[in-house]
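This document opens with one chain alone, in structure tokens, the form predicted on its own.
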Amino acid sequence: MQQPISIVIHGGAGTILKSDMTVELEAAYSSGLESALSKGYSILENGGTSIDAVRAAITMLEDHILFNAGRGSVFTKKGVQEMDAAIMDGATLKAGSIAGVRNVRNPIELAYEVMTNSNHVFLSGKGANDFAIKRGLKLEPDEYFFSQFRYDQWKEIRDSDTYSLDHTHQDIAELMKDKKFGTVGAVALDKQGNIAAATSTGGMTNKKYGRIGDSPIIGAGTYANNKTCGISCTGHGEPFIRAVAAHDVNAIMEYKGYSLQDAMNEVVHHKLINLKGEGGMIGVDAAGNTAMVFNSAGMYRAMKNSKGEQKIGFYKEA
């Protein structure tokens, strides 16, 4: 029997409603997700590693202006982009994370370099940027990361103490109602039976004090273990950190014998909700099963596997 392959990606969760979406915007999000999904899946199909598949998928999402990661990252209180990313190899439990980096075109590639070419797991700020330069990663000027859409979001709240998780409405009264947790992530199982997980984000609009969310924290926003699953989260990062959400799915599967779907349901619909945690996660297990679970109004998500199944979704399914 042939080893199954699967890949799942997400482009963020939150108040994603059909009523707020234009036909053009829906098409643009669909196209971005489909391109990243196809890129990652083709690597798996051709015998490539799950690590390379999630890197490739996330790199495409980081290069897409619509997603809050890489090029599309939001503005901080200081009017700059500070990006976080993480990657983990389920075969070895090796991991690489970076936080608060600037001008790095593809933060996921820097996280990969930390995993493979440093003796560390987590680098931040100027040190992470220095390491990026040392490893010869592609840097871009501030203008590359500028989008009018993100700038307008920031301009509305930059003189206040409000932060925003990503939004589209112009009315400040709507800011906290219309929340979108802009993060991108990918999980995959390859033909060798190895699982990988990766996550990348630009964080919160108008964030202060060098705030870091769950995305780059191993066990909170990103986790992979060949024995159980690979998980990438998206949501309001603080509750996900407190719940150690990604690792908790792994623990429930390993110690309680839950299926991937049941373990993710337990964390997303019970544990996170008890902490007022809004968002979701994607997962893949050692048998190639996939799950995309969220407690918010929507989550940009897509999956493809060797059974011939492929799905792309934004909204809650009726």
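Everything numeric in this text was worked out from a predicted model, so none of it was measured. The first residue of the shown sequence is 1; numbering continues from there.
From this point on, the text means the form predicted in complex with aspartic acid, which you will not see here.
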Partner proximity in the model of the complex: G182 to aspartic acid, non-hydrogen atom cutoff 4.5 Å: yes
Any non-hydrogen atom of R211 within 4.5 angstroms of aspartic acid in the model of the complex: yes
Interface membership of H236, aspartic acid in the model of the complex, 4.5 Å heavy atom rule: yes
Exercise: I218 in contact with aspartic acid in the model of the complex, heavy atom 4.5 Å: no
Stretch in contact in the model of the complex with aspartic acid, which is absent here, among 182-190, 116-124, 133-141, 89-97 (heavy atoms within 4.5 Å): 182-190
Sequence-ordered residues of 189-204 touching aspartic acid in the model of the complex, heavy atom within 4.5 Å: T201, G203, M204
